[in-house]
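Quick heads-up: it's one chain on its own, the form predicted on its own, in structure tokens.
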């Protein structure tokens, strides 16, 4: 479900019109594809441009299959270095295959409730967009010891409600932003006891993570985020995105 949601529209844009088979009546691409990644990248880009901020070094935490990194690189032409942190080994391998290697790989999609389908696509046009960017891929959970440097732009999208300690993640993210740099954080607020070690960390508004005398809010928006559970059933979430600049205090 992640693969089709994250990359199907890009495959279509590059001419791959392979049919996604289904055990029930065929469902159109419009039902499957999400514009979430394009919209979030553009929203962040608008905030940076309005405030005359031109990042060169990007840290993305929870980089998943690489779609957000790809959109950030396209939207912000000055990015020269990307550090991607992703605890899933399978996700990190796919990230590398699509953005760095640029070769033929399998696309996995939902065929039915019990079965996945596969098509093959050439990721070289995607990798070409990223060819001038230097990548560091870190396959581990993120905390205050994961990276040693600070970044112009730090992005973590829809990660907080999927981790044991949101406070630990946010504090590490904030520390990773250099003065004058920007932190972009989004959350769907789907807090669940199976993830949280301490239920008190489940905030109602991610703006509460930022101290007014240390951070300046540049923008905030709501963006649709959806993915499929089966061939004819999907869930739609509202992801709250905030963009903050770190102040010199």
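Predicted model only: the values in this text are computed from it and were never measured. Numbering follows the first chain given and starts at 1.
There is also a form predicted in complex with a small molecule; it is not shown, and the following applies to it.
Undergrad: Please pick out the stretch from 129-137, 70-78, 87-95, 109-117 that is in contact with the small molecule in the model of the complex, where contact means heavy atoms within 4.5 Å.
TA: Heavy-atom contact with the partner occurs in 87-95.
Undergrad: Just to confirm, with a 4.5 Å cut-off on non-hydrogen atoms, which of 82, 157, 99, 153 contacts the small molecule in the model of the complex?
TA: Selected option: 157.
Undergrad: Would you confirm whether the three residues 39, 57 and 241 all fall within 4.5 Å of the small molecule in the model of the complex, going by non-hydrogen atoms?
TA: Result no, not one residue of the spot touches the small molecule.
Undergrad: Please determine whether residue 125 contacts the small molecule in the model of the complex, using a 4.5 Å cut-off between heavy atoms.
TA: Because no heavy atom of residue 125 falls inside 4.5 Å of the small molecule in the model of the complex, the answer is no.
Undergrad: Indicate whether the small molecule has at least one heavy atom within 4.5 Å of a heavy atom of residue 64 in the model of the complex.
TA: So residue 64 counts as contacting the small molecule.
Undergrad: For residue 6, is any heavy atom within 4.5 Å of the small molecule in the model of the complex, or not?
TA: Answer yes; at least one heavy atom of residue 6 falls within 4.5 Å of the small molecule in the model of the complex.
Undergrad: Taking the small molecule as it sits in the model of the complex, is residue 169 in contact with it (heavy atom to heavy atom, 4.5 Å or less)?
TA: Residue 169: yes, in contact with the small molecule in the model of the complex.
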